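Below you will find one chain, with nothing else, as structure tokens; this is the form predicted alone, and questions on how it binds or moves follow later.
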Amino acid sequence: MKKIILCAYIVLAAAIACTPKASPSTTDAVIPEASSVSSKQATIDAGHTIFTTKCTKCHGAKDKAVASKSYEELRPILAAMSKKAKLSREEVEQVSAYVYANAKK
């Protein structure tokens, strides 16, 4: 009986480990297109504050990572991470403005 339970547990653990993970493109967060990102300094500053308080809490300073990629490359990451960080729509717009201002052109 113990062997059956142990085998069932191992099969269940393997099945869970092998299931596909959610991809960044399947999130509900709406990341603005580059053409509609705010260029107001106040919005960029607010985005910087959110970035340094919420994003770096888990990841550490990622300013160099932002500067090394284009905004379009960062949009899927923003979508996934904004959902995990539980950002409001306004906060997403502010972080997007900050990322856009500091991303590789």
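In this text the structure is predicted, and so the values were computed from the model without any measurement. Numbering starts at 1 and follows the sequence shown.
Omitted here: the form predicted together with heme C. The next part is about that form.
| task | Answer yes or no: in the model of the complex, does heme C come within 4.5 Å of a heavy atom in every one of Phe51, Cys55 and Leu87? | result | Yes, the whole trio is in contact, each within 4.5 Å by some heavy atom.
| message | How about Ala97 - does it come within 4.5 Å of heme C in the model of the complex, if we only consider non-hydrogen atoms? | response | Contact check for Ala97: no, nothing within 4.5 Å of heme C in the model of the complex.
| message | Contact with heme C in the model of the complex for Ile77, defined as at least one heavy atom pair within 4.5 Å: yes or no? | response | So Ile77 counts as contacting heme C.
| message | Just checking whether Lys40 would be counted as a contact of heme C in the model of the complex - the rule being heavy atoms within 4.5 angstroms. | response | Residue-level check for Lys40: no, no contact with heme C.
| query | Any of the heavy atoms of Ala65 lying within 4.5 Å of heme C in the model of the complex? | reply | Close contact exists here: in the model of the complex, Ala65 approaches heme C to within 4.5 Å, heavy atoms only.
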